[in-house]
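Next up: a single chain in structure tokens, the form predicted on its own.
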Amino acid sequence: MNASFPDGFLWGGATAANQMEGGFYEGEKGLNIADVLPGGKERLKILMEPGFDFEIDKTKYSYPNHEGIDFYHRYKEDIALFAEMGFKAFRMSIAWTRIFPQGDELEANEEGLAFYDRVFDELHKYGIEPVVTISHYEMPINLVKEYGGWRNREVVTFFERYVNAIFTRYKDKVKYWMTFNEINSGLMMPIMGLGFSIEKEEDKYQATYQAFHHQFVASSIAVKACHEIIPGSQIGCMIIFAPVYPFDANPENILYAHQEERLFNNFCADVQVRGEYPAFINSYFAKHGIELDIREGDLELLKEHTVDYIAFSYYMSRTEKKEKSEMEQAQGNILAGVKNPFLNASDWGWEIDPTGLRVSLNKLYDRYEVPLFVVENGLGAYDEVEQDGSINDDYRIDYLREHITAMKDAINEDGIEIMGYTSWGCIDLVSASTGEMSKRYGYIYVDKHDDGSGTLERKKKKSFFWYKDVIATNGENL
């Protein structure tokens, strides 16, 4: 067997508009959720606790997303660097508020549309396929404040208007699409994904799952429109996937891990890939007194217009015990279980588990049998610029090598169909969870710091040249 990656494998990198573009109010852009999230350690606390007011208060906080890394003005320079690495694909998002600044307008904003025309044209100049996330944690604030986010059915109409505008405009420029970034994150952190803050514990379940239903309907509307407007296009869902391991062989812990994984990892994908609510979630709804407002035709729409592939982020696995103490708690990407004694952790406490990526690929392919796309994976770490200007991020190379090897084994030994790999934060950008620049993922260093200082100069890290060789050899040289 030829132990390599398939021809046409989409090697590249991944970003999000709200973490890199900047151009805060330029081009008639409106205010979105990311624009009001402060930088620093307070961000995660704000995201997880009730009562956030979605206001900007510069007397108390800094807002690093407003400048990002200034991709809005420097996209040509950055895309040229991606091309130098040999990218086949670049995962990016469109900022909803560049296209519909308030979210509820009748007509799209021409300046916003024209900006992405320029970006897509620049990518195609180098033969790089854009892979576009339609909604990546950047809902218009007007839809949050005036409509209550995705709890409100009317937002489905606004989203449909948005996707029709971008599909029509970019039908000759974008083949690969995704609907909602890490859609299942709304289970843990509804602010970024669902557009509201839980005010009362008793409202948590009903509000959250009604909002999910509206997103599922919107996703199927987008799938239908994409296939009709752009023949030959592919549109996927996008989830966080973290396999859940039982802490030990105690049957109670095995059952608990299974139930946790099924709810977080499978619920959203089941609806978007299989086209229907799974039996386990209906039991869950009954247990928590959830009664969804499902309109006539909704279930038929979900069934008839399912996604073409599953895109997912993989950063870590999760180990669970039914009964756990504070001392055992781990850290992680929105969710965490107990510390796994067999794993090391990153500078931010995220456990490093390359084998978990292979486990994830197997679990997803066994359950759904659709193509998979690893669209986020990477190591957030402190990088040091040496006196000679070099950045020797061997720790990042080691992390990526081990995860790419796991992916290669999944293809060649397990028979799993994987479309591509776009590692997260291919160029340093603002962290979504903490708003920090110091949490760096990129092959390209950006001279920007947590205190706002920096020249925004781009520098190639050691990993830049390593990844260039990985792509040039289609994953042979690791």
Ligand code: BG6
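Throughout, we count residues from 1 along the sequence that is shown. Small disclaimer: the values here were computed from a predicted structure and weren't measured.
Keep in mind the form predicted together with 6-O-phosphono-beta-D-glucopyranose is missing from the figure; the text below concerns it.
Asks: Can you tell me if residue 424 lies within 4.5 angstroms of 6-O-phosphono-beta-D-glucopyranose in the model of the complex, counting non-hydrogen atoms only?
Replies: Looking in the model of the complex, residue contacts with 6-O-phosphono-beta-D-glucopyranose include residue 424, since a heavy atom lies within 4.5 Å.
Asks: Check residue 439 for me: does it contact 6-O-phosphono-beta-D-glucopyranose in the model of the complex (non-hydrogen atoms, 4.5 angstroms)?
Replies: Judged by the heavy-atom cut-off of 4.5 Å, residue 439 is in contact with 6-O-phosphono-beta-D-glucopyranose in the model of the complex.
Asks: How about residue 350 - does it come within 4.5 Å of 6-O-phosphono-beta-D-glucopyranose in the model of the complex, if we only consider non-hydrogen atoms?
Replies: It does: once 6-O-phosphono-beta-D-glucopyranose is placed as it appears in the model of the complex, residue 350 has a heavy atom within 4.5 Å of it.
Asks: Is there a non-hydrogen atom of residue 32 within 4.5 angstroms of a non-hydrogen atom of 6-O-phosphono-beta-D-glucopyranose in the model of the complex?
Replies: Judged by the heavy-atom cut-off of 4.5 Å, residue 32 is well away from 6-O-phosphono-beta-D-glucopyranose in the model of the complex.
Asks: Look at the stretches 406 to 414, 427 to 435, 62 to 70, 444 to 452 and give the one with heavy atoms within 4.5 Å of 6-O-phosphono-beta-D-glucopyranose in the model of the complex.
Replies: Heavy-atom contact with the partner occurs in 427 to 435.
Asks: Quick one: of 315, 212, 90, 309, which gets a non-hydrogen atom within 4.5 angstroms of 6-O-phosphono-beta-D-glucopyranose in the model of the complex?
Replies: Checking each option against 6-O-phosphono-beta-D-glucopyranose in the model of the complex, the one that comes within 4.5 Å is 315.
Asks: Under a 4.5 angstroms heavy atom criterion, identify the one residue in 319, 181, 360, 220 near 6-O-phosphono-beta-D-glucopyranose in the model of the complex.
Replies: Selected option: 181.
Asks: If we check 6-O-phosphono-beta-D-glucopyranose in the model of the complex, which of the residues in 125 to 161 reach within 4.5 angstroms of it by a non-hydrogen atom?
Replies: Heavy-atom contacts within 4.5 Å come from 136, 137.
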